[in-house]
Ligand code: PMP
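Below you'll find only one chain, the form predicted alone, shown as structure tokens.
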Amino acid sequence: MTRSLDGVEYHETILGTVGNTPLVRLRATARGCPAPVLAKVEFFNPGGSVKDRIGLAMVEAAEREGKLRPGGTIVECTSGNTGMGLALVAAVKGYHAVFCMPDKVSAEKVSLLKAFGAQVVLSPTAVAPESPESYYSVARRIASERSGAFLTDQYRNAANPQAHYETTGPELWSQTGGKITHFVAGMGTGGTISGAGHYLKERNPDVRVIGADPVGSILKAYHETGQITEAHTYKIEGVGEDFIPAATDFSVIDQVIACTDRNGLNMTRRLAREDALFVGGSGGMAAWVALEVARQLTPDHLVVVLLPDTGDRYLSKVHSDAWMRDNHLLDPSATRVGDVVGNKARALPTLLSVEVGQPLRRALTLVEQHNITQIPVFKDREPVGTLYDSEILKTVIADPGAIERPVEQWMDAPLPVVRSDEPIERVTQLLASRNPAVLVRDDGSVVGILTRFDMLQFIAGGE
């Protein structure tokens, strides 16, 4: 609630800024989609995620019901974002907080919760939900053992979907003027898609509610068959489940589309680089599903996808080239030429070259010092030719005096040039066409060279 004091508007606490997040159109990433795609950008919440909404709602419901009293302890099992929402509430209202998390979560999430004074307990990811070691079981045990503790239990808490019925759904309807035809959201606890979807269908039963589920989760199969299948591990955090959350109302959901780690995480990176939307992997997954839907529609439709959190919590994971390569997830189509040049620059100057008129001795020195096989030749900052190590060595052996003559007498055709903002696929195409290397141009100037070996190192994760 906004307050006013002598004409000055303000919020009494940070909790007053939860909700009312903006819609932003996806342009570059949605290029080619007939239907417009709008993103509900939830990182505008004070805690950086959609879970701020339910953190506040679940605590206020517990207070009304007498389950949480002053000085009590909030306990929750979380992949991080719900913990952050609850940590904000705990700090403002003076509660203690203990959060149990799977050990696959990023280090950034753990550090954030600790920064707000919360205690974090990590549990192994690859155990069954009913295992005493699972983060669900650990949270229940802590809540039962600590006096004054309350387990918010976002997976079963009715205040979770209710928060989205009361806030997210009405915001979507109002912001689109009732024109929304498709709503896409990731599925974890199911609170977001169930609550917002329920509200939207009350206003217009024809609105299609579509869930995004990571491959490895059981939610898509359960929605389609009613059967509980075997779950498999996956890398996208905060979505999908290996059990059926009570907070999910499957009757509201029209369709569930599965997304692979590779597609979802590379879309996450594209959102940042092409539409300047810095989100986590679950947001990339939801966006990938939304675009799949939008490609099948017409300009008369309107797709809205909920992007649940900020990318700040995944700098060491999806937004790390090294982590993506180490997990064999890096998609060349989502990587730009400049990324590879920057990676190479940490170990070696990105461009070793000679100028027209310089003696062949200069080129031979570069070959010996840096163990390189081709050297671009420049004139007035433009590439005009290429020297190859085999030709240099053959020449100086046959004619030692040639070492002092100008390099252009032995240069071959210049290497192809690509822009730094082009997809790396363009480089791989050129290298596959018998070009040993390509030159990279940035802001009008040639700034680097990429060889086949550079590309293999980048894909393999080498430095």
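Just count from 1 along the sequence shown to find any residue number. From a predicted model like this one, the values you see are computed outputs, not experimental measurements.
Although it is not shown, the form predicted in complex with the ligand is what the next lines describe.
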Of L172, L271, V239, V75, the only residue with a heavy atom within 4.5 Å of the ligand in the model of the complex is V239
Test of understanding: in the model of the complex, would G284 fall inside 4.5 Å of the ligand by heavy atoms? no
Consider F99 of the chain shown here, and say whether it contacts the ligand in the model of the complex, taking contact as heavy atoms within 4.5 Å. no
Any non-hydrogen atom of G211 within 4.5 angstroms of the ligand in the model of the complex: no
Does the 4.5 Å heavy atom contact test between T152 and the ligand in the model of the complex come out positive? no
Go through 357-365, 370-378, 91-99, 179-187 and give me the stretch that gets within 4.5 Å of the ligand in the model of the complex, heavy atoms only. 179-187
Residues of 290-314 having any heavy atom within 4.5 Å of the ligand in the model of the complex, listed in sequence order: P308, D309, Y314
